[in-house]
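Taking the form predicted alone, here's one chain by itself in structure tokens.
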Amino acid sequence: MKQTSTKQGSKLQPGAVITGKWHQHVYKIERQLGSGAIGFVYLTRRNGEPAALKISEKGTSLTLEVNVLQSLAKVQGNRLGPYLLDVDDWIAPDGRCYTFYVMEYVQGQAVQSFIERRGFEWVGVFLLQLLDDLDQLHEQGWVFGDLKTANLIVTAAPIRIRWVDVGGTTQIGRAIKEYTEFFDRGYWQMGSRKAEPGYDLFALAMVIINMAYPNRFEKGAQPKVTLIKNIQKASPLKTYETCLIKAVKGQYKTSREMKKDVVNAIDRQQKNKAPSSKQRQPNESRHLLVESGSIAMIALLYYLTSLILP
């Protein structure tokens, strides 16, 4: 999460103890995890297990985030955001009232680090997972809004990409309330900041582009041209080039449309692997085919399973 100033007034030190006004649950602050536009997030414990506590003076804004988490909990599998554990108020020693909520502490690895260690082949798996998640989120009437690399974590056993900050989630039809420039279509002059599925799909494309460009790039004098050219010249993005360009141009109306194209792109990649592999030494060729083929198979199996499961 991005670091901000302490103007919210809810900056706490390690060791501070918060007791809920209504539920009387006690939370001891271990360390700060980050901060956002409306409050601070801390590591604490609930029933002995790690948990994340977000606190702010802006009770109304925090209540909106709670409503988002409650909506996500209704979605099949509850995979979209952290589990909501508690919501309460806290009266500080100086008499000021703060609102806080406690959620699941999602432990895992930054998605960028995972890709650097395990290979870009995993992008297909994560694309399918995120497109499924976004489809269900949009069906609930929400847009994620501030979808970016920093808000994604890869968990283990099984490997799964998770969202860890729903602070930017906005009801469809309203103005996006929180965004990060590189992932924002308004910044690239590719559309408005109206909350609609296409806004999230643009941001998702930028997440994938960010994986190929860890240091990102400037938009230049012609943002649209800069963006398209950078997609086209990055060899790791070749498999998904058409999908990404359509997403940033706003040519997908739903996540399902983009998901279909991603599956077709993975399938084409596999069909094109065999001829080029003849130029390699037998052992090297076998190793590369097994590795890339198995990752692609995981992606396709994930897609087929998602069609079967209720």
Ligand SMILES: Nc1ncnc2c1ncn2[C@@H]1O[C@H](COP(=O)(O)OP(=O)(O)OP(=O)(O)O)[C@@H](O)[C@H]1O
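We call the rigid core whatever largest set of C-alpha positions still superposes within 1.5 Å between the two forms. Every value quoted in this text rests on a predicted model; they were computed, and no experiment measured them. Numbers follow the displayed sequence, beginning with 1.
Keep in mind that the form predicted together with the named molecule is missing from the display, and what follows is about it.
- Using a 4.5 angstroms heavy atom cutoff to the named molecule in the predicted bound form, all of 54, 151 and 164 count as contacting.
- The stretch from 186-194, 211-219, 100-108, 136-144 that comes within 4.5 Å of the named molecule in the predicted bound form, counting heavy atoms only, is 100-108.
- Contact between residue 35 and the named molecule in the predicted bound form is found at the 4.5 Å heavy atom cutoff.
- In the predicted bound form, the named molecule stays beyond 4.5 Å of every heavy atom belonging to residue 68.
- Contact between residue 262 and the named molecule in the predicted bound form is not found at the 4.5 Å heavy atom cutoff.
- The named molecule in the predicted bound form comes within 4.5 Å of no heavy atom belonging to residue 266.
- Interface residue among 132, 178, 121, 86 relative to the named molecule in the predicted bound form, by the heavy atom within 4.5 Å criterion: 178.
- Once you line up the core between this form and the one not shown, the Cα of residue 43 ends up 2 Å or more from where it was.
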